[in-house]
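Two separate entries follow, structure 1 and structure 2, each one form of the same protein chain as structure tokens.
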Structure 1
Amino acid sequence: MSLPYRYYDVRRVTGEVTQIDVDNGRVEQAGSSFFDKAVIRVLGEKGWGILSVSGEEAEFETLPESFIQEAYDASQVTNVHIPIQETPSHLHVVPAMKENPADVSLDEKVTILLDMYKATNGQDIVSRRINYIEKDETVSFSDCLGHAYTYHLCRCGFSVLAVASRAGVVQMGYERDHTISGLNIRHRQDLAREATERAQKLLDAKPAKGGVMRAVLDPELAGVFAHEAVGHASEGDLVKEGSSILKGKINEQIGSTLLTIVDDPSLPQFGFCPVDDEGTETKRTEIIKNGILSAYLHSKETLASVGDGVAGHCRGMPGVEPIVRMSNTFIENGDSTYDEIISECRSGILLKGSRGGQVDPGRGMFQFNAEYGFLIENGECTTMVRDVSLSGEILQTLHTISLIGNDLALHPGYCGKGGQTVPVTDGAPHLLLDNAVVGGCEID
């Protein structure tokens, strides 16, 4: 072929999505849909050209020359020369599932969910909903360098929502679990009951009071903290664009010496990438090691232009070009016990569960919201509080981590960036922050 491209790759994802929605005891939806999407990337003389196709057009065994041409043509609007770095390429084995959801009939899944639904009943409960989702994907990747991979991955999981209401107060409890290790809905009444009990207890919880205080984050929320406050700002594309506060800070002490934060796409958790979406081998990347910024997360492009980090962190939704993303992000264990952390906090707040968060990495500000919390008074957890959030400046907050627990736990979820949503896990042990800015609906 005579086209003057420097590189191309193609990623096709075909699959089936099964969703079941049990809303107040009624099956509102239970069924499957199908997709087949491909994205072709060509690096022209200057920048990238991307072609996205779906359905019949994505149904090719070998990449049609016409698609390379179309993607190349799309690159003609670019006016900046983009270098890319060659990277090691390797496919990790996808671990076998304990029970393949595809082997379980829709009928049986509906029965299991209806059974789980029964566990959500309780006093003051006015609404209950269980959603199941199963995404079965076959990913085929190949590039002009001769790398070619095909793998199959099934992600499934469920969420339980319970709403309680009494005397005009409405509160909700929400629990979910998603996995790559096979069907996870059997015998999960415990989680369903937890959502119900949370909603009930929150009716009597007090609104949180905002202000600057010591805060303990539970593993789920501390994981969101790692993801929002550090993970995004370490993404090589943001560093390259000049919109990360962590730009130019490699080898600087940016946080407590207790702090080590890792992103590991090779870990067989919900954010697992057997190979990244531009064919690069995935591996553990220590973003922060003992408080020192050690590596950025990279793609072939951002590694070439920014350096100081590891490629293999490039991910895209089916049919969409990959960008630098996190996968399984966590804070490594420290050596404090939970009891030590609560006791050392003395007076402050324990924040639990996550309703999500957001970051402005250029400005270095993050925010996230807990599902609930407890006041800590005289080194003990006391009154339950609701609607409590935390915000802060990345560079300042990382120095305020004064204790790190020894009880690391990972939580699956989804992360949005640039209009794309990808599966991730976040995790951490319990953390103690000094001088946290806590938002609540009441102020002094």
Structure 2
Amino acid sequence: MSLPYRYYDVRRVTGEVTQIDVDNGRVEQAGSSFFDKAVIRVLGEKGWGILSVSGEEAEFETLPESFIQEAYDASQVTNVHIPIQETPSHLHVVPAMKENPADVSLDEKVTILLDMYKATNGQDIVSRRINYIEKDETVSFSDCLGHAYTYHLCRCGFSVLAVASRAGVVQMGYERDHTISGLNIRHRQDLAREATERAQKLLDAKPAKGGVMRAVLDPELAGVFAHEAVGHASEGDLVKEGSSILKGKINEQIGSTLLTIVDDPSLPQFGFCPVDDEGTETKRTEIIKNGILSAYLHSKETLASVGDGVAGHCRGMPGVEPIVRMSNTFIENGDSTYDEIISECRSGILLKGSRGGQVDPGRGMFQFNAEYGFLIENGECTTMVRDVSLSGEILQTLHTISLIGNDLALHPGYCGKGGQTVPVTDGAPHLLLDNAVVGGCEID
């Protein structure tokens, strides 16, 4: 081609999405849909031109020159010069599945979920819902440098929601599990019962009192903290835009010397990326090492313009331009046992689970809602509490971590950014925070 582009690539994603929704005993949805989308990126003399087309039109070997021309023409709109960094390219092997969901009929999946639904029955339970989603994708990538990859990956999982109500008090229990290792809904009544029992117990739980106190975070909430408060702030596009509290802090001590936070897209968890969506090799990246900010997460573009980090963290939904995203983000194990952490806390609160929250990576502020908690008195867990949250400044909170457990656990889910949602995994061991800002219904 004679166009004066500096680079171009093509990513095609073909697949099938299956969704089942059981709402209060009724199968509200059960079916599959197909998709075949492609996105073409051309880097002109200055910036990017992006073109989305149907997948069948985007075969690399027969790619119409008119598509490159159209994307190139779009690139001429920008007056900002965008550099990109050459990066190593490699495809990791996709792990084999234990049971391929494609081998199980839709009717059988519905039957399994309806059987799971029965386990959500209980006193004071007023609403029950089970969702299943399965996404089977074949991804093909090619670029003008001669890199070409094709891989197949199936992700599936389910969630269970039970809502309990009594005397005007409404509480819910929620459980989920998502995986890349194959069908995971057989014999999972245990999680359905856990969600149900928690919703019932929360009706009797006391509203929490807020204040500044010692707090123990369970692996789920600590993982959310790592993802939301640190992971997003380490994304190279936010750093480039000046929207990150971590900008300019590489090699600075920003947290406890006990703390190491990792993002690893090559880890075969729910956020696994065999290769990133611009053809870069994925590998373990230590964002924070022993409390020192060590690396940002990057695309080819942000690595070239920001530096101080690792590419291979660029992801996009089918047919959409990829952007810098996390994958499997977690806090490394420490040396303390759970019992040691609770005992050392002495007086405070144990926060468990996550009901979402918000973070401002530019100002460095966060607020997360826990599912529930337990008071810690004289080094022992006692009374169950509800309506409890954790908030504070990111950098200040990182310095308050005084113990890190040895019980790392990972939790799969989804992350939204820039109008795109991608599968991720968050994780951590138990953490002990000194002087945590805990929100509740009353302030001591």
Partner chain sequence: MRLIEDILRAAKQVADEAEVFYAQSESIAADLKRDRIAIGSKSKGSGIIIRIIKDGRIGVSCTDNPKTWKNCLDAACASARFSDPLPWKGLPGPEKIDQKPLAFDKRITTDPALVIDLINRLKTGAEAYAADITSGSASVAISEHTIANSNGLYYSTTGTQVHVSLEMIAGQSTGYESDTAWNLDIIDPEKTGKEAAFFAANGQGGEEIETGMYDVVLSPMAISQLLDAAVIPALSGRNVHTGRSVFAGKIGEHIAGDTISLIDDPMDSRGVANCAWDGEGMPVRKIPFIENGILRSFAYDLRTAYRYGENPTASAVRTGQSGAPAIGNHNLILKGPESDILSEKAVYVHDLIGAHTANPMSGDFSVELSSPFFAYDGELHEPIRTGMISGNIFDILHKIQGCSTDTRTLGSTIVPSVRLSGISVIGRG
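None of the values given here were measured: they were computed from a predicted structure. We call the rigid core whatever largest set of C-alpha positions still superposes within 1.5 Å between the two forms. Please note that residue numbering is based on structure 1, beginning with 1 at the start of its sequence.
**Student:** Which of the two structures shown, 1 or 2, corresponds to the form predicted alone?
**Tutor:** Structure 2.
**Student:** Quick check on Ser402: with the core superposed, does its CA move 2 angstroms or more between the two structures?
**Tutor:** Moves: no, less than 2 Å.
**Student:** Superpose the two forms on the rigid core, then give the C-alpha shift of Ser54 between the two structures in Å.
**Tutor:** For Ser54, the alpha-carbon shift amounts to 3.3 Å.
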